[in-house]
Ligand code: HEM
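First, one chain by itself: the form predicted alone, in structure tokens.
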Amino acid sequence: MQHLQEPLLELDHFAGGIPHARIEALRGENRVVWEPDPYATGGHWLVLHQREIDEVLTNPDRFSSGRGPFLEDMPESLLNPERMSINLMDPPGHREYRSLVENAFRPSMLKEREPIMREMARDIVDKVIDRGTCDFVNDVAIHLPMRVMFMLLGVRPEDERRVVDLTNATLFGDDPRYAKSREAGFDAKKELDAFGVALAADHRANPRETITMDVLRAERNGEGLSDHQFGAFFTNLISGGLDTTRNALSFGLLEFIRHPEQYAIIQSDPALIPGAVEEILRFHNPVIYLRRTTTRAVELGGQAIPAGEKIICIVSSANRDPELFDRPDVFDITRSAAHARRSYRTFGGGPHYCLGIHQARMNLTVMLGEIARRFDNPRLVVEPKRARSMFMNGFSEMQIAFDKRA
């Protein structure tokens, strides 16, 4: 069995961002490789090429989501079938749950809410435009996905800050700014589930037209969801809807600060913004890895892997593979958007392919359009502060300055 002497997945290796050079070297030498694991029990298998990543993600019978998305196994209390999040489910249960909300994220529904989103984007920029400076992550980037998800799910304004804090703690359990430990992150996940339970009860007592109400009215096999089942469902939707888009937009602006000539292109021709969004999503994947667990002995990339092993798909390895992309380490918004969408794996694949993919793209397109229309000469005040994580790729803070566009 091939294995690495120095593991890739250590927090210090991600302190400056995804270590692309190390991943490139690993990809050149291995398709699949085992490494020891100081953060959880034993070790795990790194999957580095698109072909094997696709094999893992599209075959849930062999590669299960049931032990959770993180390197560390989820606590048993979070694996209770009555309270299990959709991202821990395999088909057919996953398919049944996913169908409850798919309609809300179809392109036709997005077109209906696009005018509201554009209004939200204007308001978000209005709040910072006369200051000339802001913390882009927390003053701008998080707000559109937050407002959209809270509107759709019926979260009351007085609860918004708490939900954001719990979501950050859940996803950034290794960052002391958000949680004391990964165990504290799992506790935050329990609290977020409990908030979802209370949200369901609130909707039953005070019905209103939201996705939450639609899900509670729907039936699976003749039965509706319990409040506890909805609680786990809520956590998955809110976690997928907030931090990933916040981080992608922050990285996007950072690249435009580094490449002002490309920023000038989208300012002069807003029709190019959707293509720019695809390059942002390729170049800076917000989720660093996707985990599965083998259900039986398998062969993957020439390696014999026993049942019960952790399989870690390194998303950025596929996104920057020179066999898939010309000059993969160059940020270039003029790339073919269609080719990027087909080839990157930022949104995963298989039955767990991102439910909110169209919403995420529209969030980024709308917000980036508003920024390009109203910010001139965006620039860093200081280097951004990275979130401490090897699961989520993002910033905790990014202080910028800009000129108000005439």
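So that there is no doubt, residue numbering starts at 1 and follows the sequence shown. Keep in mind it's a predicted model, so treat the numbers as computed, not measured.
One more form of this protein, predicted in complex with the ligand, exists but is not displayed; see below.
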Would A360 count as touching the ligand in the predicted complex under a 4.5 Å heavy atom rule?
-> yes
Closest heavy atom of R98 to the ligand in the predicted complex, within 4.5 Å or not?
-> yes
Using the partner position in the predicted complex, report whether F347 sits within 4.5 Å of the ligand, counting heavy atoms only.
-> yes
G240, heavy atom within 4.5 angstroms of the ligand in the predicted complex | yes
Counting only heavy atoms and a 4.5 Å cut-off, does the ligand in the predicted complex sit next to every one of F105, R292 and L355?
-> yes
Identify which of V215, V287, A179, L199 has a heavy atom within 4.5 Å of the ligand in the predicted complex; exactly one of them does.
-> V287
Which pick from P378, G369, G43, P351 sits with a heavy atom within 4.5 Å of the ligand in the predicted complex?
-> P351
Among 278 to 286, 132 to 140, 302 to 310, 162 to 170, which stretch has residues whose heavy atoms lie within 4.5 Å of the ligand in the predicted complex?
-> 278 to 286
Residue by residue through 135 to 159, tell me which have a non-hydrogen atom within 4.5 angstroms of the ligand in the predicted complex.
-> M149
